[in-house]
Each structure stands twice: as structure tokens, then as C-alpha cells.
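One chain follows as C-alpha cells, the form predicted on its own.
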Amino acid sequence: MLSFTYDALPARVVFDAGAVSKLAEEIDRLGVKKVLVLATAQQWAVAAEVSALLGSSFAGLFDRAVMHVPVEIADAARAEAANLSADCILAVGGGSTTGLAKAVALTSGLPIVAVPTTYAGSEMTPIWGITADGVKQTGRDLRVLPKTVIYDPALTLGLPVPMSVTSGINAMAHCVEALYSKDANPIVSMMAEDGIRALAQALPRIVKDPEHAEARAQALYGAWLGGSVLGAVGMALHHKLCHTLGGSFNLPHAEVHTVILPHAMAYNTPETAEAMARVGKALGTRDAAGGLWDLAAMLGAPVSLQAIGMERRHLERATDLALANPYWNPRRITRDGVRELLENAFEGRRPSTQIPPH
């Protein structure tokens, strides 16, 4: 008999072309007066444009966000918020910026407004991560869930194609693991499958035409779904591996997800046939893991760890770190299994896990 629990997370979403123009209105709804804007150095120009929409509510711009939220940067941003007496954090950018905003909110309780410019999905989750001494610690706390998320597809038009592809596949990873999560339920599974489908259809069009407005909107919609399911249920081996590889070896976040996902899918397929059938359906293939690898390769994304800077000598340590405090996973995690998975991902081998027809 069907049985599940579903907790809807309390977040407001505004999704529309030109939606960023409503920023001041959304800030007023929260009743805040001094907004600290966060961004990466690369996103400074976009953040400055968005900051101008705040008017007198703009308190300052901190543009030092980087991947994996190093604790030193988190501390600096917290100090800046305190020095400016900020009562709200505005994150403009991708997962690095949103992650930094969460680090500030975690200790200060300040509300976050997020304006995503990538397909990271972090803006829809209460999950935080901070890296200290080469190890990325993650946790879950409703204080870090943004109060309002403004999705404006126009802000993603300038996202370079390679990052669009890997960021989109990162969003797919959230959807894939949600389908076989121990907390999976029919609502999340429906959203996850639709998210995979939306991204699989949008990304090839973005590669052909980076300014295709409809494709950009469809990809951002898929990313919203991916972030929503990531926030609603627990993740498994794939995310543990990506947190390990990113936090401990400073590999680029979205690219790591892109490389690892097909191999994590292949590892878990023996225990997740129904979920993989849904992934395959969304991708238009009976070979979910191989089909995802094919899609990434077709879109020009990296398909090996060595292509994104991993060194073979680090595979053993990566295996050990991944086995320390492992996440729940549908298939039993073994050292040999994880080591083989990482070896295949390092070499960029195509996995194949054909699902038999029902």
C-alpha cells in the first residue's frame, strides 16, 4: 500500500522573464532595510546591476564568493554583514554565492533572497556546506533556506555554454538521486522526472543557440525542480562523492557532478531499476546511465575526472574519504565498489546498464 510523508519547504518563488525587476518589491515584502549583496568576482558586473534595483536598501557588495565555501571566506562575509548592520542577504549568481549566503545565515539568522544565474538549484534547499582543512562539512537547517527566489531566465543568457551544460547536468543529478532516495515519494518523483526531461530537452538547444530564450527558461524550470527535490529528500552516494571530490581536491563543482553521475547511476542500478526506468524514460533511452553519459559527451561536457584536474594518486584517498561517514545509499557501499566507480570515472569509461522492458 502507498505510504509516504512529504514536507513542503517554505519558500516563495517568482519565475518570469524580467522577474528581477520585481526585486525591490520582494525586498519590501520581507520588511528589511539594509541588504548585503553577495557574488563571485566573475559575477560582479551582474551583481552591481541587480544591486542598483535595491535603491536605498543597498548596504554593500561582497564579491569574494568561491567554490565550496572556504571557512575563511564565510567568516569574512559574516564580518562584513555585521559591520554593515545588514538585515538581509541577497545572493546573485550560482551555487558558490548561494552557499556563501547560507554560511552567513547559518550563524546570523539573516533572511536570504536568491537571484540565480545558473542551474545549481542550491537556492531551493536548506542544505549548507562549508570547507575547512580540506574537508567539506554539510548540514541541513531551515535557517539557510532562502525566503524568496527570483528566477529570471534573461539572467542566464550570458552563462557560457560549457557551464550551462555542466550546471544543467548538476541539476539532473539532484533529480536522479531524488528518485531513489529513502525519502522518495510520488510528488518528488513526479517533479524529478519532469526536471530531467526539461533539462535533457533544453540543453541541446542551448548548445546550438545560447540565447534561445525558451530553452533558457525550460532549463531554469528544470533547475528549479532539481533544487526543489534536492531540498525535499535526502541524497545518496553520488552527492557524497561529489562533496568529497570537490571539497577535498578543489575540483569544479558542476563538472564533478557531470562526470560522476553516470557512474553513480550504474553503481546503484541493481537496486534502483524502477527509478532508472523513469530516468531512461525522461532521457528517451532504456540505458539510463549510458544515455546520460552519451548526452554529456554529445554536449561537449567533460566525462572523466582526469579531464577536470583530478590526479590518479588521489583516488585512494578519495575512496577513503567517501567511505567516512557515508550517506544512505540504496545499494550497499563497499570499498572495492567505490574504488572501481572512481577508476571508471577517472578514465571516462562509458557505463552501460540496459534496463529490460517491462
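A quick note: this is a predicted structure, and the numbers were derived from the prediction, not measured. Numbering starts at 1 and follows the sequence shown.
One more form of this protein should be noted, the form predicted together with ligand NAD, which is absent from this view; the next part is about it.
**Student:** Looking in the model of the complex, is ligand NAD within 4.5 Å of a heavy atom from each of Q43, G94 and T125?
**Tutor:** Yes, the whole candidate spot contacts ligand NAD.
**Student:** Ligand NAD isn't shown here, but in the model of the complex, which of 272-280, 190-198, 72-80, 125-133 has heavy atoms within 4.5 Å of it?
**Tutor:** Selected stretch: 125-133.
**Student:** Between the options V149, L261, L155, L110, which residue brings a heavy atom to within 4.5 Å of ligand NAD in the model of the complex?
**Tutor:** Here the answer is residue option L155.
**Student:** Find the only residue in M265, I169, L230, A219 having a heavy atom within 4.5 Å of ligand NAD in the model of the complex.
**Tutor:** Selected option: L230.
**Student:** Against ligand NAD in the model of the complex, would H253 count as a contact residue? Criterion: heavy atoms within 4.5 Å.
**Tutor:** H253: contacts ligand NAD in the model of the complex.
**Student:** May I ask you to check whether A120 falls inside a 4.5 Å heavy atom distance of ligand NAD in the model of the complex?
**Tutor:** Yes.
**Student:** Do A297 and ligand NAD share at least one heavy atom pair within 4.5 Å in the model of the complex?
**Tutor:** Heavy-atom contact with ligand NAD at 4.5 Å: absent for A297.
**Student:** A86 versus ligand NAD, in the model of the complex: is there a non-hydrogen atom within 4.5 Å?
**Tutor:** Judged by the heavy-atom cut-off of 4.5 Å, A86 is well away from ligand NAD in the model of the complex.
**Student:** Taking ligand NAD in the model of the complex, which residues along 8-39 bring a heavy atom to within 4.5 Å of it?
**Tutor:** Counting only heavy atoms within 4.5 Å of ligand NAD in the model of the complex, no residue of 8-39 makes contact.
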